[in-house]
Ligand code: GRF
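In structure tokens, the next block holds one chain alone, the form predicted on its own.
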């Protein structure tokens, strides 16, 4: 069976990336081959270094350079990319090089509350402001438009009247940690059987 090599791209604390790396540790068909962040203070850096996973800290000029990112992934023979709280626009050249092989997770039920500038607490605030009774996560593939790639899976949670941005963030993060690695695994397994 082919062993997929994943790169994890992170801008924040990296809790999702750490969860994914832990899930795939010692996996028989998936290996984390690269950790990329544009946040030099991300606490995930030390975690990935301790796991002996190649870490690259990039600046925003490098993040916008498709060829740079392609070469970075090629050096580690990466075949799929996982965005885990990565907030930079993915360059078109990189999207074409990894066509239908870049995963992303959005903290709402797309197509609602997606698009440019809709990430993190902004999404939860918009969900609460709209008076929604449920929210959740969308795992999708990346294309050249923010949050418009093909949906792979959605998982739901209730929005209660007394929810705040923080309580909703926690509910959504539980869904992310429970489901994101499994959706990635299932999608890669389907590829192996095509």
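Positions refer to the first chain, counted from 1. Small disclaimer: the values here were computed from a predicted structure and weren't measured.
Absent from the display: the form predicted together with the ligand. The rest refers to it.
At a distance threshold of 4.5 angstroms between non-hydrogen atoms, residue 13 is in contact with the ligand in the predicted bound form. Proximity of residue 90 to the ligand in the predicted bound form: non-hydrogen atoms within 4.5 Å are absent; the residue sits far from the partner. By the criterion of a heavy atom within 4.5 Å, residue 105 is counted among the residues contacting the ligand in the predicted bound form. In the predicted bound form, the residues of 164-182 lying within 4.5 Å of the ligand by at least one heavy atom are, in order, 173, 176.
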